[in-house]
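Okay, so here's just one chain, in structure tokens, the form predicted on its own.
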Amino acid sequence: MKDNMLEYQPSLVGKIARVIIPFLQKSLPTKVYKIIYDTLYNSYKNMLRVGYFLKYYFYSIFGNKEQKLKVKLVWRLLKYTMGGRKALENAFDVVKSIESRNIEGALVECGVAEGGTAAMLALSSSILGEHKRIKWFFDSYEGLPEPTMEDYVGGKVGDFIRPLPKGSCLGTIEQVSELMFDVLNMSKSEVNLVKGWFQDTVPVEKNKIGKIAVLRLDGDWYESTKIPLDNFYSQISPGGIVIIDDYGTCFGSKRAVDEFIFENKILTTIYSDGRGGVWFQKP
């Protein structure tokens, strides 16, 4: 696939937000900006949820069971994700693929934030799959670290809607625990929440995980993408899938993936998720 087909193509709402949000952040006191941003973003997600609510009833009449399940889960989990509806849809589609092909292994996400896409991986697998899979969800649970020199191109770290300073994309372990175990009633024996920076946690925990069916990376920066790839790729089952949430939006994330594929001579095709993320299958 050509690179221009993988470029980030924001929606009209996204294009408008890319102008307004940075302006508001520079112009307003931090607390006021946060209140306005959260209000606008939650209103947007609620609008999307109304759309999926209507889709659910449409597919109840005209769609198949999997279409109905997909829109139902997106509707349910939109309020818990920062990645948006297409990230949730992509997570569902990837799980559907590995379950239909009986690919062996765990579900792993590095970069959990508020837990929405992790929940989609877990829920869709439990419904579509014949066997239980162990889930491993890694995050600092303190937000993003600072980018490094490998993340910069022309003085910028990416092409995204809002600035991402240290601490952005924060979801606490308490929030994610509540979602997984209280709201969704997942078994604590099947879900592992690993707190800490990837360089400290991933090398330590990788041998406990064994084979991996899906590896979803949403760490934004070069190191946050490179560390999981270096440590986990060899454990991915043939036919397993890697999702890179930030490939089209964060320069360092794309660089880490491109370098890894080139250096390891991986013959695969990179597919767009329609919003800036990508996925590829392990040969």
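Throughout, we count residues from 1 along the sequence that is shown. This is a predicted model, so every value here is computed, not measured.
From this point on, the text means the form predicted in complex with a small molecule, which you will not see here.
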Handout entry: is_contact(Val95, the small molecule) in the predicted complex, heavy atom dist at most 4.5 Å
Key = no
Problem - Touches the small molecule in the predicted complex: Ser124 (any heavy atom, 4.5 Å) - result: no
Practice task
May I ask you to check whether Ser177 falls inside a 4.5 Å heavy atom distance of the small molecule in the predicted complex?
Solution key: no
Practice task
May I ask you to check whether Gly158 falls inside a 4.5 Å heavy atom distance of the small molecule in the predicted complex?
Solution key: no
Problem - Contact segment among 68-76, 143-151, 99-107, 205-213, judged by heavy atoms lying within 4.5 Å of the small molecule in the predicted complex - result: 143-151
Practice task
Let me know the one among Ile134, Val183, Cys169, Leu128 whose heavy atoms come within 4.5 Å of the small molecule in the predicted complex, would you?
Solution key: Cys169
